[in-house]
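This document opens with one chain alone, in structure tokens, the form predicted alone.
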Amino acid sequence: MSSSSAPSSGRWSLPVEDDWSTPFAEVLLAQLDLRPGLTILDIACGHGIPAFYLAEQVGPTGSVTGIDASRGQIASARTIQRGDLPWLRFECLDMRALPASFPTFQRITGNLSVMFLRPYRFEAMRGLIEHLEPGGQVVLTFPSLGTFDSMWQRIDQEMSRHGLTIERERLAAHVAERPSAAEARGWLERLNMERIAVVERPLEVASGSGQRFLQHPLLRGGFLDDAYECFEDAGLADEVMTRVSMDLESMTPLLAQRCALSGWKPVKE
């Protein structure tokens, strides 16, 4: 988010120029019970999508704490904040290992957050829920299993054409490691959460072919990088991926699955 995303009225709307975080945040907000006065923990907050929006909505009678393991992201968020929304604060913390002294919140949100809970996602989720007040809601979004399936299939096809058995196995492991909507629901069921809801919404990503595909800022980070990591031979990786990049038509549309996971913590008797 940039300071220019806030209209002159002072409202911290979601930035329209962000074609990845904002569409996921919109799905998050559609599931979130949001109102003034709430206390919210926003995990994997990055540089503030949607933490700034959340803070504006809860107002000065509420509070929002954004945490991220990246010091750079936290520094960026604080720079954007520039003293505005004083009930919003950003801290550099690992959401997988919150201290026992860390407070509880009425809502826990996390946009594009679930991938950062690994390697032990369920245990990390259980730790988060310990910091959710009884009667509180958690809403997390993530690109679920099925995201960019056409791209993975085309890469696998090219690997197969080269007879790359080990690389194909590594690619399959990367793809399978992404959580499915059903798996995410299972975490909340095991934690005895109530009113569990899991929704998926497709998001089409546009790209040109060739280097525009290979260097696409969204596709490269966290997706194409996984494919490159399957190779021991960098030259072979470039050859395979270049051929894939020139066959954009077979991969279109490039669809991500925006998954939103929501649940409520039971009220203690």
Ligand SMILES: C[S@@+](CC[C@H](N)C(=O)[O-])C[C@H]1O[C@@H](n2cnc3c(N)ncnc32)[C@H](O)[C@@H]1O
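All residue numbers are counted from 1 along the displayed sequence. Remember, predicted model here, so these are calculated numbers, not experimental data.
Although it is not shown, the form predicted together with the named molecule is what the next lines describe.
At the 4.5 Å threshold, heavy atoms of L164 stay clear of the named molecule in the predicted complex, well away from it. When the named molecule is considered in the predicted complex, F116 lines it closely, a heavy atom lying within 4.5 Å.
In the predicted complex, S245 stays away from the named molecule, with no heavy atom inside 4.5 Å. In the predicted complex, the named molecule sits beyond 4.5 Å of every heavy atom of T39. None of 176 to 184, 145 to 153, 105 to 113, 130 to 138 except one has non-hydrogen atoms within 4.5 angstroms of the named molecule in the predicted complex; the exception is 105 to 113.
Using a 4.5 Å heavy atom cutoff, none of A172, C230 and D233 lies near the named molecule in the predicted complex. Interface residue among L203, L214, A237, A69, judged by heavy atoms within 4.5 Å of the named molecule in the predicted complex: A69. Among R168, R78, R96, R126, the residue placing a heavy atom within 4.5 Å of the named molecule in the predicted complex is R96. If you take 29 to 58 and check each residue for a heavy atom within 4.5 Å of the named molecule in the predicted complex, you get A44, C45, G46, I49, in sequence order.
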